[in-house]
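Form predicted alone, single chain, as C-alpha cells, below.
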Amino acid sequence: MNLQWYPGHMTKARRMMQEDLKLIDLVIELLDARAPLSSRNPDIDEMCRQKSRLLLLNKADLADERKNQAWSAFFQEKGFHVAKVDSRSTAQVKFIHNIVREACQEKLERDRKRGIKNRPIRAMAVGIPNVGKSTFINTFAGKACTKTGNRPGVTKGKQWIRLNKSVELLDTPGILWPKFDDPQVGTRLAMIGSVKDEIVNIDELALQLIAYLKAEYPGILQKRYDIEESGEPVQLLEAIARERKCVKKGADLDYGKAAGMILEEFRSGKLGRITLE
C-alpha cells in the first residue's frame, strides 16, 4: 500500500510549531516504541535540530522489550536523552522530571550564572498523531489538561500547561509529513493507528501484519487464535475468521471483520509485545 495522509491543519500546526520554537528550552518528542524509526517525523527532526532533545519511547509496554533496549541504545548513541514509558503509568512518568532537568542542565547553569532563579523550563511536546502525547501530559501533570482519544487528530491546537513549579509544557497537534518516501513507513504507521483507518484498506493491512508476525514472531498467531500457521497470509486470515466465527448473513466468512479484529488486538497488546521494526 502507498499511504499518504496530510490534512490541511497539519500544515498550519507545523508553521505554528516553528514559530514557537524560539520560546522553547527542550523538545520532548514522543515516539511509538512499536515503530520507533517510522514514528519519527523528519520535519520535526529538522526543525528542532538546535534544541535540547528528549525522546520518549511511548507504549513501551506494548513493544518487544529486547527491541526497546536496542532502540534506546541506538538513539542514545545519536546523542539524544531517551526514556521508555507507558504514558498511562504515573509511577513510570514521575522519573521523566529528572531526565528533563538533566537534558536542560546547560540552560539551568546559564540561568544560575546570570542570577536567574526559579525560571521554569519551557518544553514542547511533539509527535505524530495518536502517539500518546495528551495522555502523557495528563499523567505527567497529574490532572486532565488535554483531550485524549485512541485515534489520530484529537489535539487540534496548541496549549500551554503548567506541569509544576519548574516545568511548563506546550502541547502541539500530532503532525505527519507530506510524503512517505518508504511505503513501509506508511504501512507501519497505519498498523499502529497513526493514519486514519478510513483511508486504509484494512484487509490488505491485516494481511501484511499477518505476514510480518508469521516471519518475526512465529507461534504468536497460533497461540492467540488456535490455528496452524502454515500457508499464505490470506489462508491464515481465513482460518482466523473461521475460528472466531466472523461470518456474514448466509454464513460467508467476513474477512473485513476478522481483519479489523486482528489489527485491534495488535494495537491493544492482546497479541503480545510486538515491535514492527
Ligand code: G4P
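The first residue of the shown sequence is 1; numbering continues from there. Keep in mind that what you see is a predicted model, and the values were worked out from it rather than measured.
The same protein also exists as the form predicted together with ligand G4P; that form is not shown, yet it is the one meant from here on.
- You can rule out all but one of 223 to 231, 58 to 66, 206 to 214, 245 to 253: in the predicted bound form, only 58 to 66 has residues with a heavy atom within 4.5 Å of ligand G4P.
- D86 is the sole member of E168, D111, D86, D197 with a non-hydrogen atom within 4.5 Å of ligand G4P in the predicted bound form.
- At a distance threshold of 4.5 angstroms between non-hydrogen atoms, L189 is out of contact with ligand G4P in the predicted bound form.
- When ligand G4P is considered in the predicted bound form, S134 lines it closely, a heavy atom lying within 4.5 Å.
- Remark: T172 does not count among the residues lining ligand G4P in the predicted bound form, judged by a heavy atom distance of 4.5 Å or less.
- By 3 Å or more, the C-alpha separation between K196 and L176 grows in the predicted bound form relative to the form shown here.
- Wider separation of the C-alpha atoms of T172 and S194, by 3 angstroms or more, is seen in the predicted bound form than in the present form.
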